[in-house]
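So this first bit is one chain, no partners, the form predicted on its own, shown in structure tokens.
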Amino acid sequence: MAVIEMDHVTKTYKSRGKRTVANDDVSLRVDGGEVLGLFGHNGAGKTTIVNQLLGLLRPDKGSLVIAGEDIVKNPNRGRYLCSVQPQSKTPLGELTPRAATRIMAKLRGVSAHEVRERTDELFEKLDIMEWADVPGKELSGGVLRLTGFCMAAICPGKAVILDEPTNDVDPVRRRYLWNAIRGLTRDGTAVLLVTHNIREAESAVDEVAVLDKGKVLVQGNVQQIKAETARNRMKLEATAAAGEEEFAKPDWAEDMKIAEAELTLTFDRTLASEALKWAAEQHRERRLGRYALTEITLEDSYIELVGATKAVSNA
């Protein structure tokens, strides 16, 4: 059952006589118990979607429904029905993570006993208990980011919106965070995840929507999108040896890229044995270091859809 439904939403801005289309006939759906990954470069229209769902902006046309309630007619309901972790860091000042999280829970009507249990559970799951009672002004950006997630997750509404939740978070705790994001869906909560970290998000999302210039380029199941863009292709990824900056593209390869000593060759999967043979020869000649055949990833699909320049500059 759909918890978030956007139907043919268009939103424009006017500045100095210029009209900018932020969202162009956008339709999205997030079901209960599902994580939808919303991907797109800076300026693609992701934040405008979030602000409309929260009732902070009104669309020019189209409908917004959360848990059966019309957010266009009743914009204040968006902030009630959704828990949100904004893209900006949570400014705690003298407040500690424990105090800030408990305040958020109490505002949502959670009992004192539940607040204590749920707060401890989240802090332990994310491994930030040692900072639970440290004033916010003394905390790192990563701990502040994780605290912002806890404030959204302590008592989630029908839907949770997470805007770049892993920014500034160290690699170990990012893993814990992805697991916690998946855990939010177990009771039927719908999660809208806005992130540039596509490679890591791939394991946490069920559905994907890719935005470009305000339009939804594609939306659907992760495996389906990868299959459609991969078109029976694979990759050979390798590290070029010191001093090796130029390679002639082999006949079996469709495409070849080399950047910062990392070589990537794309080819039809029926040619996998030939690719491995070539890599082994290059390795024996000490032109290549480590190498491996890999599947096309969701990040590869995204780059192909929106263009390599935009994807790299905003990763």
Partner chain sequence: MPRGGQLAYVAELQLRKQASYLVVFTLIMVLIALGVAIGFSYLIPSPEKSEMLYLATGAPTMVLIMTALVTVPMQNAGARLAGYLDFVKSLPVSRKSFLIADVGIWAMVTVPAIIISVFVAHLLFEPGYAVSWMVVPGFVLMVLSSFAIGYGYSFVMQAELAMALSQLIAFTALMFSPINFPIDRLPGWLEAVHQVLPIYHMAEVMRASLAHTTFDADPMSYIILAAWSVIGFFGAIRFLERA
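The structure displayed is predicted, hence computed values, not measured ones. Numbering follows the first chain given and starts at 1.
Another form, the form predicted together with the partner chain, is not on view; read the next lines as being about it.
For the chain shown alone, N76 is a contact residue for the partner chain in the predicted complex, at least one non-hydrogen atom being within 4.5 angstroms. Using a 4.5 angstroms threshold between heavy atoms, R175 stays clear of the partner chain in the predicted complex.
Contact annotation for M151: at least one heavy atom lies within 4.5 Å of the partner chain in the predicted complex. Within this chain, T90 lines the site of the partner chain in the predicted complex, having a heavy atom no more than 4.5 Å away. With the partner omitted here, the residue from L36, L54, L28, V65 that has a non-hydrogen atom within 4.5 angstroms of the partner chain in the predicted complex is L54. Out of the listed residues V216, M104, A159, L122, M104 is the one that sits within 4.5 Å of the partner chain in the predicted complex by at least one heavy atom. Considering the partner chain in the predicted complex, the lone stretch of 199-207, 185-193, 229-237, 91-99 in range is 91-99 [heavy atom distance within 4.5 Å].
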